[in-house]
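There is one chain below, alone, in structure tokens, taken in the form predicted on its own.
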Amino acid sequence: MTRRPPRALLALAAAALATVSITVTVTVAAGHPAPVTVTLPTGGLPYQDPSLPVADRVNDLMSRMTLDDEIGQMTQAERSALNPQSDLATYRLGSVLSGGGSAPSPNTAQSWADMYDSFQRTALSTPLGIPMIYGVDAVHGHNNVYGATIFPHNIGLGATRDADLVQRIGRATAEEVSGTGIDWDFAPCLCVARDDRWGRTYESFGEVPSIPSAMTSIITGLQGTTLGGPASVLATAKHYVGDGGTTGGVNEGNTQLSEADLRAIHLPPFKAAVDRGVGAVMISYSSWNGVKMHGNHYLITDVLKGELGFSGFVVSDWAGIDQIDGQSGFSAADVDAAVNAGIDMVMVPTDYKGFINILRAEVNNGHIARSRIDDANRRILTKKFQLGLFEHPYTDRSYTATVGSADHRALARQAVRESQVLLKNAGGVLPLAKSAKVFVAGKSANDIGNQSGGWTITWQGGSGNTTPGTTVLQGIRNAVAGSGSVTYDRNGSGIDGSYTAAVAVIGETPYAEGQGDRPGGLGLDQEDLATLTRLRASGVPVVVVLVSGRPLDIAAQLPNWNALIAAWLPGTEGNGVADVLFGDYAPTGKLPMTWPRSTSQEPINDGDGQTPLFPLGYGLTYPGGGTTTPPTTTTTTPPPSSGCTADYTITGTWQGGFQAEVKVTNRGSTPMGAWAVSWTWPSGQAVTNVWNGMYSQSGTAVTVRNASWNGTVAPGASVTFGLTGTGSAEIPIVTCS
């Protein structure tokens, strides 16, 4: 057997070979520092040869790495904590991140690019010249960057049911992110929000797994069809798994569910993300039945990496390992639990030195196997090679001008108008005529910060003129023409009966996780209620545009409103709201969440037997357009005296594709040990993804059988599986056996 030379000796050999150098010139814009020449290690080493397979390059590089090199690759630090910046090279750190609101000064795209290149030059100064990977939370556009295009938050995108649009948003975001040098996005959030009191509800595409599963199309937009192409940014599926199902909607709380329910509700979007080749998965702060996800070996290693076949790398959340033992800070036990559970890169934003020292000691004393360290590095380095960071480590400044570009803002405007959900339109007050005399009021009518929400420029977001964009008021003014007029007063003062209609833009002010939890209720605040009272007293029709990150408790006020539009958190392009108000585009949005009659119904979700104010999928449109409630026609096998039935429901459609859910019910008097559902499509559709089942397809004939864990069904009980497919959404005749 051939012995592998000691890693330290190989590293010294690599350093010696590095005396041969290549020159890289970093191009910068006029008025900025002169081009910088840096020396990178070379010498014809295999890992530096882009013609070799990635696996071969990874193996060669790892054979040259010391334990300290490998531990460094597993460590991620916040940019502001790197003091001095040379620590990035000294400790061989594999990654840097910007937390919410962590930005260079001035906060411009050019400054971001300059900052990124500076960090990358430091990373490449090490003997092996391994590039860093830089991560940000670009969760609705490149939202940390002043002037970037801010798209609607995920809850609004879920209302569009337009997976193609969401993929294009992913692509636009990737271009803006790439233009600032960044190569890793901590998005998308694939949580299935089951309690609207949770402060991260707006980060969820919807309350049922079919909606976020379809919206994993954003991953293809971010990464491209393969990593390493133009403006290819590593995507991250987060937060694995169950963060939207915590008891009481408590942030970082405890999700108390059976494994079958966890798999049926919260796991499917992650399977869809893995099937799309997502590069990274971020672990949730939350617990599952009392066990912190950051230390859950079964769900991270056995299910995610094993059963789902995830080949990328797993990253912790911000200081997430600190919480495993319930004590402040992280201990050796926390590090052991996290790394042995399967976390590959650890986000230790400030105490990276302490983490490195503990991890080294835990490997040396045998508490963490070297093979686990090797596995983590192989996963991380594979993505770095696939992204092309070794060949193109610096900012591609051809994309810098795309930040906040007109094309991207036009796309965002389309997303805004598609996300609007018309919930009430008494007497056909909408659409408004462009010649109307309109009175506009409300704290969010002329506030770009309110309409953008949290994770905008800063972590929690903020009210006011936080970033360039078009407010809803400006959009209304842009829409009104001819003899029409617009009068605005935030509080509704000055209105009289001469106006055609009053538009009240009200709702929530910005928040993010933690501060956004609302266990005490989801009602409107006193300012909103007072504004509405003034408008109502005038006698003119009142149109409410609700700017919020979730459904609110409005049932008591709704009878006094002539029309209601859920605008969600639309971002910087308020023209899209006006497009729908004035009928340039009919509303097509559908509720991605069940809307409660009162907060006391929370949690309320589709199929739980409660009577909502508006059901999941509800949405009106203007006369002549019908309603946009999703198709509900199902085909059910005739109930036999024993055996099972299958109900097939189309739950969403988009250009070229659709999503369906099938409920399998045991109609017999004894437990059912297995099931299979079969059908033949009439027009050649093809299955692209199935969750909660295993499928086969031959031509147009499809069979879905139970997974290993959901085959046993008690008498009268039901299980569900879902699928996405290409082609038209037609309802087949299904059989169950």
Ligand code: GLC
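All residue numbers refer to positions in the sequence shown, first residue = 1. Since the structure is predicted, the reported quantities are computational estimates derived from the model, not experimental observations.
Heads up, the form predicted together with alpha-D-glucopyranose (GLC) isn't pictured, but that's what we're talking about next.
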**Message:** Considering non-hydrogen atoms and a 4.5 Å limit, which listed residue (Leu620, Ile380, Met282, Leu359) is close to alpha-D-glucopyranose (GLC) in the predicted bound form?
**Reply:** Met282
**Request:** Would you kindly say which of Glu602, Asp553, Asp317, Asp517 lies with a heavy atom within 4.5 Å of alpha-D-glucopyranose (GLC) in the predicted bound form?
**Result:** Asp317
**Prompt:** So in the predicted bound form, are Phe186, Arg200 and Met347 all sitting within 4.5 Å of alpha-D-glucopyranose (GLC), heavy atoms only?
**Reply:** yes
**Message:** Can you tell me which of 501-509, 413-421, 237-245, 303-311 lies within 4.5 Å of alpha-D-glucopyranose (GLC) in the predicted bound form, counting heavy atoms only?
**Reply:** 237-245
**Request:** Would you please decide whether Gly100 lies within 4.5 angstroms of alpha-D-glucopyranose (GLC) in the predicted bound form, comparing each non-hydrogen atom pair?
**Result:** yes
**Message:** Although the partner isn't part of this model, could you tell me whether Asp137 comes within 4.5 Å of alpha-D-glucopyranose (GLC) in the predicted bound form, counting any heavy atom of the residue?
**Reply:** yes
**Prompt:** Could you tell me if Trp568 has a non-hydrogen atom within 4.5 Å of alpha-D-glucopyranose (GLC) in the predicted bound form?
**Reply:** no
**Asked** Looking at the partner-bound form in the predicted bound form, is Trp455 within 4.5 Å of alpha-D-glucopyranose (GLC) by any heavy atom?
**Response** yes
**Fill in**
Those residues of 513-532 with a non-hydrogen atom no more than 4.5 Å from alpha-D-glucopyranose (GLC) in the predicted bound form are Glu513
